[in-house]
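This document opens with one chain alone, in structure tokens, the form predicted alone.
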Amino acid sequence: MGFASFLGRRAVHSVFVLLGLSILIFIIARIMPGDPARMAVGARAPQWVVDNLREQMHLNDPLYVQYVYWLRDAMRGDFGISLVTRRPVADDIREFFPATLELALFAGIINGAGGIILGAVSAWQKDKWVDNVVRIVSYLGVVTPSFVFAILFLLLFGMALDWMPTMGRLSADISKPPLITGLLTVDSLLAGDFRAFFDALWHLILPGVALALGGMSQEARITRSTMSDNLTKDYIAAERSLGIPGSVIMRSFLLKPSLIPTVSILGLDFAATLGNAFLVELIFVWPGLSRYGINAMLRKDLNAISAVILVLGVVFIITNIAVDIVVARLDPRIQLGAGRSE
């Protein structure tokens, strides 16, 4: 199958995946303990106010009827009103999602570049002191949660040394660039506002690195393992016997086939970062979707919960398709029409 056929087939599969995901999260959100109407209006509100809100939210109807109402509105981009922010959930998503996406992209760049470089150096210097240092550091990175790095960075670089900003996406004296993509670094560049660009980039460093270290360590270990295995292959020995320089062997013959497992995990790590960034966002007061989603869960904001998880599901699907395409480009033997999911 060609590229168009692959995309068409994956699009059809994605529709069924999203439909199943929407049913699952809708049911889970509905059976959670607590009355969402009571939680929305407060404990002191009279019962008739609660009853009216329950009727407006169709909470008195059977679950399948509630789902039909929700699905009909969601297909039109209407996820209802957030019980926490009192605004349309779609507006909240448009406001908070770009912040988390920008943070995840920044962390993903550090994750991918750092993991591949460290893994490649470690494999090429196998069993030497460089390899041992990388292996120890990567192990510490894997076993340490992101929020621990975030707290350490906050205390050390933000408070003790006062080198880095520790709150928000921009300094108070910097004006936001015109809204185009919602990514402040991109919008600043498009507006030609380099002061805002560097300030936004400066704010990204601590939370972005905190998020990236765990994944970067995992990518380094995977790259090292795969590359070390490929170093024992006969074609590498043949190239060395021909006197081909090590840098050429690494760049042209070894690195590309060794990146396939790394790229697969990197894509999943990026998608997972969008949902797992809530603690880092809380620590750095980052106005992102993960933080918004956790607040929605704590307040049993059903509309917001369903919308956030659905958005994250879409990101996972898109990322998975992108990973399939990149892996197929890295290894011509893999055909898009017979993708990894077969």
Partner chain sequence: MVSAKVLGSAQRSENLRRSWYKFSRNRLSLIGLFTVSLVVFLAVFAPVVAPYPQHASAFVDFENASRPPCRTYPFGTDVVGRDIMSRIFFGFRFSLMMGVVVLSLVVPPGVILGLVAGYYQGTWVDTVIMRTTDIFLAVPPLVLALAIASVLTPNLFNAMLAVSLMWWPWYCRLVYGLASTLRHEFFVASAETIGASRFHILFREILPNCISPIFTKMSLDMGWVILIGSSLSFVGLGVQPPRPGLGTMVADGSKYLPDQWWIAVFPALAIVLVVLGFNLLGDGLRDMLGAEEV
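Just so we're clear, the structure is a prediction, and the values are computed from it rather than from any experiment. Numbering follows the first chain given and starts at 1.
Beyond what is shown, the protein has a form predicted in complex with its partner chain; the following relates to that form.
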{"item": "4.5 Å heavy atom contact, Lys300 and its partner chain in the model of the complex", "value": "yes"}
{"item": "Contact label in the model of the complex: Leu268 to its partner chain, heavy atom within 4.5 Å", "value": "yes"}
{"item": "Leu154: touches its partner chain in the model of the complex, heavy atom cutoff 4.5 angstroms", "value": "yes"}
{"item": "Heavy atom of Ala307 within 4.5 Å of its partner chain in the model of the complex", "value": "no"}
{"item": "Non-hydrogen atom within 4.5 angstroms of its partner chain in the model of the complex for each of Met57, Val65 and Leu183", "value": "no"}
{"item": "Option from 188-196, 81-89, 253-261, 132-140 whose residues, in the model of the complex, bring a heavy atom within 4.5 Å of its partner chain", "value": "132-140"}
{"item": "Among the candidates Met167, Met159, Ile117, Ile109, the residue which, in the model of the complex, approaches its partner chain to within 4.5 Å (heavy atoms)", "value": "Met159"}
{"item": "Stretch 266-304: residues contacting its partner chain in the model of the complex, 4.5 Å heavy atom cut-off", "value": "Leu268, Ala271, Leu274, Gly275, Asn276, Phe278, Leu279, Ile283, Ile294, Met297, Leu298, Lys300, Leu302"}
